[in-house]
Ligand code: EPU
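Just the one chain here, the form predicted alone, laid out as structure tokens.
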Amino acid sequence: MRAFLADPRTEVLGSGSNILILNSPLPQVAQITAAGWQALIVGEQVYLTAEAGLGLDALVRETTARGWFGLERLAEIPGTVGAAPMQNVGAYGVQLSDCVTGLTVWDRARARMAHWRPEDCGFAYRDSRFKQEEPRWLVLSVGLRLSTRPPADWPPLSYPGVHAAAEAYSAAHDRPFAELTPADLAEIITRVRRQKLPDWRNPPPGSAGSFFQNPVVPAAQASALRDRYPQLPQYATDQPARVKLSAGWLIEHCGWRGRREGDAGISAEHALVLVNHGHASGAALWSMAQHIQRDVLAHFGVPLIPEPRLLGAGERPASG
């Protein structure tokens, strides 16, 4: 097994939810199936360790059902716990790295195990050392810190669509916002995501979720774009000189929402989602994605970076 994992031809996949295969079949594939988890409660802190093969959404449901705060906004994100640190998955203002206390990893190059602290992981927006040094590191388990006590800003409802969904949920359950539980917020997030994204449990159409990262640009560029396009959503980042833009808005205003080229298309519900209506090849989907990149760059001067991992000849996209 060590030789198999050390072989660069071996692709280690989680659930395959965040990849686009440009040329198939893949020569060698491995999958981690260990899916246990355990938790230790110390005061108001919950220290949890989850094995890599566990589904991320399954872990969200387990922890929120117990009233633990921290992962509720990651509800309905497909994929495994082991794959989640690679691009530091996140949604609605939270990232996995906000909860990570450490990881156990396997060094495929040196055939040995290592224990990493969060600062070893190089976490950034949709990025990490795992992604930058791919395919060297294999995540075996992830340590997380959750809480039995809600954060000071509870419940976090500022993102578009979330507040309206929370109002409807609160009215239907006769429960004020302050009394919403982690499981309640996970359900609210689930409803919001299912309005915008194809259900990854029941395709077709198939999708890899949000295909492009929300671009992060210099503040001066963001200001110039705001002057030209006042409706373009912009979000603060943890870097004062950088601003995050809405990739979906940029794509939609280039006229791509709902478009289709054969079986490759853009979702009519959300312009950020590429969909496979049946028999589109990975190459066809990637061709459409590149066309979108060129259009957005030409119209707005903003490069788009794909979120899914691209497997196959010439798969490494330019970072812009």
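Just so it is clear, the model here is predicted, and its values are computed rather than measured. Counting begins at 1, following the sequence as shown.
Not pictured, yet referred to below: the form predicted in complex with the ligand.
Trainee: Looking at 57-65, 28-36, 270-278, 41-49, which stretch has residues with any non-hydrogen atom within 4.5 Å of the ligand in the model of the complex?
Mentor: Going by heavy atoms within 4.5 Å, the stretch is 270-278.
Trainee: Heavy atom within 4.5 Å of the ligand in the model of the complex: which of 169, 229, 125, 154 fits that? Just give me the one.
Mentor: When the ligand is considered in the model of the complex, the option within 4.5 Å is 125.
Trainee: Sort through 102, 90, 205, 150 and report the residue having a heavy atom within 4.5 Å of the ligand in the model of the complex.
Mentor: Contact residue from the list: 90.
Trainee: Quick one: is residue 221 in contact with the ligand in the model of the complex, heavy atoms, 4.5 Å cut-off?
Mentor: So residue 221 does not count as contacting the ligand.
Trainee: At the 4.5 Å heavy atom threshold, is residue 261 in contact with the ligand in the model of the complex?
Mentor: No, no contact at 4.5 Å.
Trainee: Tell me, yes or no, whether residue 79 is in contact with the ligand in the model of the complex, where a contact means a heavy atom of each within 4.5 Å.
Mentor: Close contact is absent here: in the model of the complex, residue 79 is far from the ligand, nothing within 4.5 Å, heavy atoms only.
Trainee: Can any non-hydrogen atom of residue 197 be found within 4.5 angstroms of the ligand in the model of the complex?
Mentor: Although the ligand is absent here, residue 197 would touch it in the model of the complex, with heavy atoms inside 4.5 Å.
Trainee: What are the residues of 194-221, in order along the chain, with a heavy atom within 4.5 Å of the ligand in the model of the complex?
Mentor: In sequence order, 196, 197, 208, 209, 210, 212, 213, 214 come within 4.5 Å of the partner.
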